[in-house]
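Heads up, the chain below is alone and in the form predicted alone; it's given as structure tokens.
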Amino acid sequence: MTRETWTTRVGFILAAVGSAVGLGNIWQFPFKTAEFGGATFLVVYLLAALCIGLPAILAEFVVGRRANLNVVGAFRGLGHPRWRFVGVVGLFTGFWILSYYSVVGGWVLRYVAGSATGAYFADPAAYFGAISAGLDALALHAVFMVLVAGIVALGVEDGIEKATRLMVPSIVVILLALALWAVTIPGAGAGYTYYLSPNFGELASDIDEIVPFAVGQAFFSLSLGMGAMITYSSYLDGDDSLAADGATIVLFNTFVGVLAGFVVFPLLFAQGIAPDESGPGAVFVSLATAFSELPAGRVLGVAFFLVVLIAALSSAISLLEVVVSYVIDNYDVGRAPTAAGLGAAIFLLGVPSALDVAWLGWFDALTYNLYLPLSVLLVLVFVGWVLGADAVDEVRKGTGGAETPAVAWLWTVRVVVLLAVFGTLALGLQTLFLEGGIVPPIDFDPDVLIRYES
């Protein structure tokens, strides 16, 4: 079976940006920022994205393009079959994330419609409690997965590339319009102050909590550790600069995440709504409350949740493509039935999250504190200390052959980034074990529908 490729370099960049720009930017980022100190978290996140995320995404690109194989087969293709377990970890992580990510995607579908009808205006908290868990949430989880599987079934060129060419510009245009509108809201200034004035004393006192989530947020929002960037870069067949592409993707993704904050925080502070609610339902309850109190709330609500929906779809298709790519590379199965079958399997794994928000919070806590940092750490060890000179050779392509920057990147991966990610994993494990987050939430407390503490 002939392996597909991107038709253009722009198509790859937009697809990778679409994978990165997802719920991590618009669902998670503003409220992780609020939960962990506002501007203080923002500063740590920006440093993590640029100093850790950029070298790490380049490492994943190296593995994918050099092997031109799926996330598991890539390690065998590079001559190191014993390292296939690294790809298995990434494959599992993407599968795990998409199972609950799809549940949130179902919520977004409901909120687009709810904004148009004003269904949540009377009592936003009760509305979220009613739609976030149960048979309705399960049905919308199924609808979202059908949409994702349908796009992936069309293929790399006709499905993923064409979809992201439309989705990514739409996200930016609508978010920019909302951010410009937010400037005009009376009382928005307090939101900008909160978002842009860091308190480094708070960082010093809460560093063990802020750093793991900031680094985890960088991984989540850049689609690192999920196999997505290895898979997408495996469809490259040229010698363009991976460093330039990686920098473009990281900067664009960071811009969208920061831009989302310029919409969310002015909106909340102008309405006198506390931004520091944590948990899966925070963005829905808090923003729905704000939209319900604004004169043009229905239009604004539709616009905002439409952005969230597009972002969710663009990321979800990359996560499903990770496992689809593995199956069609290794077995004589067509793309369409593979996408349908794996979509169904992911739906089943997401059933607990659809029926109980506490389970969704647990899935998310394991993702941030364990799976993502572990997966990224293993890729960095492989690229830095096993692939070595071959990684330098791959990075030099498309850069005029300059060796010094590529070698400097390799040693940054080998030492600085590797130690940073190891420290993040250690802090994350500490959080899980000390706070009991390693144990599934068997005893369900209805109060966690709005606020989940991992």
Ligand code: TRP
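Numbers for residues come from their place in the sequence shown, where the first is 1. All values derive from a computational prediction rather than experimental measurement.
Missing here is the form predicted together with tryptophan; even so, the following discussion is about that form.
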Hey, in the model of the complex, does residue 220 get a heavy atom within 4.5 angstroms of tryptophan? yes
Residue 23 within 4.5 Å of tryptophan in the model of the complex, heavy atoms: yes
Taking heavy atoms and a 4.5 Å cut-off, does residue 103 contact tryptophan in the model of the complex? no
Whether residue 156 contacts tryptophan in the model of the complex should be assessed with a 4.5 Å heavy atom distance threshold; does it? no
Looking at heavy atoms inside 4.5 Å, which stretch does tryptophan contact in the model of the complex, given the options 312-320, 327-335, 358-366, 122-130? 312-320
In the model of the complex, the residue from 226, 249, 379, 71 with a non-hydrogen atom within 4.5 Å of tryptophan is 226
Which residue, 160, 86, 97, 175, is the contact with tryptophan in the model of the complex, using a 4.5 Å heavy atom cutoff? 97
With tryptophan taken in the model of the complex, which residues across 369-391 come within 4.5 angstroms through any non-hydrogen atom? 372
